[in-house]
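Below you will find one chain, with nothing else, as structure tokens; this is the form predicted on its own, and questions on how it binds or moves follow later.
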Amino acid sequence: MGTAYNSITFNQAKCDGCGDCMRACAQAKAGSEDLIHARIQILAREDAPVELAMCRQCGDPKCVSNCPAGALNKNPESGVIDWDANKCVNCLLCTVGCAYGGITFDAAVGHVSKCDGCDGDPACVKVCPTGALEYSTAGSLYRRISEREDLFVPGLSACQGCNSELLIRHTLRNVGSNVVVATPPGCIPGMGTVGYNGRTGTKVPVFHPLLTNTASMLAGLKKQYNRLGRDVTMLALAGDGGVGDVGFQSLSGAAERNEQQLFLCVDNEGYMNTGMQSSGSTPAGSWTSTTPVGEAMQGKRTDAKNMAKIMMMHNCEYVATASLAFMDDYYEKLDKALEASRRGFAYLHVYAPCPTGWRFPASDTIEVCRKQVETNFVTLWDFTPEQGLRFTRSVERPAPISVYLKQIGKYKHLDQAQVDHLQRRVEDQVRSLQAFTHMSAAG
């Protein structure tokens, strides 16, 4: 996987130029309210988007290569570009090499200054009122799992940019080899986990149940392993059709009985493996091969069911939603789900945009994932019977739903009335989930 580091990220669209981050930085680094001491600078102009001048802790830092005295060095543990005052000769060549204005000469102290990440607890991030600055901990996550074996073979037959392949590879790395995997008909077995050229694409036991009986077959296997005294994880990797439509009866029954398994729904909003047909998870207005766009029909007429919310009502040991645009959030929830599956039923609902079926460029997959969350089209939360529901990412100050819809071809036909309907639907879903958080707090 290579080396990755935690880092401060900047979302230009969310920044309103308030300057709180600069004040916090100046106070933290110099004990002063004077913004000249801030190692982060927001450059706001009326006729252009806000710009950020701050050290990006580059992977190939030009400031380091430009420094003739060896005063700058990339720390192999933290990833931060460290500055050594004892070696610096104040030539300022480092400032010439930095394309981000991240290292500058501070006349008040007589030498260059730059962001050092506040030892992993950046003051600027904590005070940002809009969420434009965030501290991503995905780097430490990747380093933790980088040496683990990829339990899927190279060369699966997924479509280019397939979110589901990324998901299953990350999932099995973390779950480990002490597992039995069930993959009902859909994109996951279709891309090669079962029966690709007569060979399996997995390095662990895997079987291909019917759409109708995935959860019940895993329940039977778990009971047999328990009889043998073996603690083996039961993992389902199922599409939304095999979860919320024909597969729901066995899923609901297993959740009711609190069977020991982790059921993971890979939601690409339709039956994408067999021709892009509509499913119960397909949102209103979507073009699919069974909800076409024409004179008599303008995409799907009904709203998508909220499967994660339905599973929460089963009072499972653990229920959560996730997106691969936020990997640290996903891994935290996967760890919790694995632990919960040792006690009973755990359900993870992962949103998986499909470049082929949704009609967007393969290179945009993760950005589509991100926009789903930033517009509240997808909300990230988890639930336990003891703690109730909690949002793991704020639902305040979302972008309008149109920001998300315009990226996706299956929505290009929508008129304003349909867009407004989806916006209301999103807002209603958020209010409904917020009511559950209030109930949890009151309880």
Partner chain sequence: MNASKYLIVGSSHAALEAARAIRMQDDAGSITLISRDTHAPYSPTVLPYVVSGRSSADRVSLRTPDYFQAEAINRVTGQALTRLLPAEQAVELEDGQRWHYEKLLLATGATPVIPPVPGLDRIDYRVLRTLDDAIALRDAAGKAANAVVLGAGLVGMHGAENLAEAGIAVSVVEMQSQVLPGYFDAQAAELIRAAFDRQGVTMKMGRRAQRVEPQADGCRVHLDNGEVLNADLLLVGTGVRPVTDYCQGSGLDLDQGILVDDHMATNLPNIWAAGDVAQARDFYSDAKVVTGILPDAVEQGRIAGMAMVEDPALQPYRGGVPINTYTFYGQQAISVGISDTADTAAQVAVDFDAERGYFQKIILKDGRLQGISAINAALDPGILWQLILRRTDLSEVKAEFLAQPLETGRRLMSDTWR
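All values derive from a computational prediction rather than experimental measurement. Rigid core: the largest C-alpha set superposing within 1.5 Å between the two forms. Residue numbers count along the first chain shown, from 1.
There is also a form predicted in complex with the partner chain; it is not shown, and the following applies to it.
*Asks:* Within 4.5 Å of the partner chain in the model of the complex - does that hold for a heavy atom of every one of Ala123, His421 and Ala435?
*Replies:* No, none of Ala123, His421 and Ala435 comes within 4.5 Å of the partner chain in the model of the complex.
*Asks:* Heavy atom within 4.5 Å of the partner chain in the model of the complex: which of Glu33, Glu386, Asp60, Asp47 fits that? Just give me the one.
*Replies:* It is Asp60.
*Asks:* Let me know the one among Gly101, Pro361, Pro292, Gly131 whose heavy atoms come within 4.5 Å of the partner chain in the model of the complex, would you?
*Replies:* Looking at the other structure, the residue within range turns out to be Gly101.
*Asks:* I'd like to know whether Gly70 contacts the partner chain in the model of the complex, with contact meaning heavy atoms within 4.5 angstroms.
*Replies:* Yes, Gly70 sits close enough to the partner chain in the model of the complex that at least one of its heavy atoms falls within 4.5 Å.
*Asks:* State yes or no: in the model of the complex, is some non-hydrogen atom of Ala26 no more than 4.5 angstroms from a non-hydrogen atom of the partner chain?
*Replies:* Contact check for Ala26: no, nothing within 4.5 Å of the partner chain in the model of the complex.
*Asks:* Can any non-hydrogen atom of Leu52 be found within 4.5 angstroms of the partner chain in the model of the complex?
*Replies:* Looking in the model of the complex, residue contacts with the partner chain include Leu52, since a heavy atom lies within 4.5 Å.
*Asks:* Would Asp150 count as touching the partner chain in the model of the complex under a 4.5 Å heavy atom rule?
*Replies:* Heavy-atom contact with the partner chain at 4.5 Å: absent for Asp150.
*Asks:* Looking at 92-100, 305-313, 161-169, 262-270, which lies within 4.5 angstroms of the partner chain in the model of the complex, counting heavy atoms?
*Replies:* This holds for exactly one stretch, 92-100.
*Asks:* What are the residues of 379-412, in order along the chain, with a heavy atom within 4.5 Å of the partner chain in the model of the complex?
*Replies:* Counting only heavy atoms within 4.5 Å of the partner chain in the model of the complex, the contacting residues of 379-412 are Arg390, Phe391, Thr392, Arg393, Ser394, Glu396, Arg397, Pro398, Ala399, Pro400, Val403, Lys406.
*Asks:* Does the distance between the two CA positions of Lys14 reach 2 Å or more between the shown form and the other one, the core being superposed?
*Replies:* Shift at Lys14: 2 Å or more after core fit.
*Asks:* Tell me whether Pro385 is among the residues that move between the shown form and the other one (Cα shift of 2 angstroms or more, core superposed).
*Replies:* For Pro385, whose C-alpha is compared between the shown form and the other one after core superposition, the shift is less than 2 Å.
*Asks:* Answer yes if the CA of Val153 moves 2 Å or more between the shown form and the other one after aligning the rigid core, and no otherwise.
*Replies:* The answer is no; the displacement is under 2 Å.
*Asks:* Say whether the C-alpha atoms of Ile40 and Asp329 sit closer together or farther apart in the model of the complex than in the form shown here, given that their separation changes by 3 Å or more.
*Replies:* They are closer; the C-alpha distance drops by 3 Å or more in the model of the complex.
*Asks:* Would one find the Cα atoms of Val430 and Cys15 closer or farther in the model of the complex than in this form, where their distance changes by 3 Å or more?
*Replies:* Compared with the form shown here, the C-alpha atoms of Val430 and Cys15 sit farther apart in the model of the complex, by 3 Å or more.
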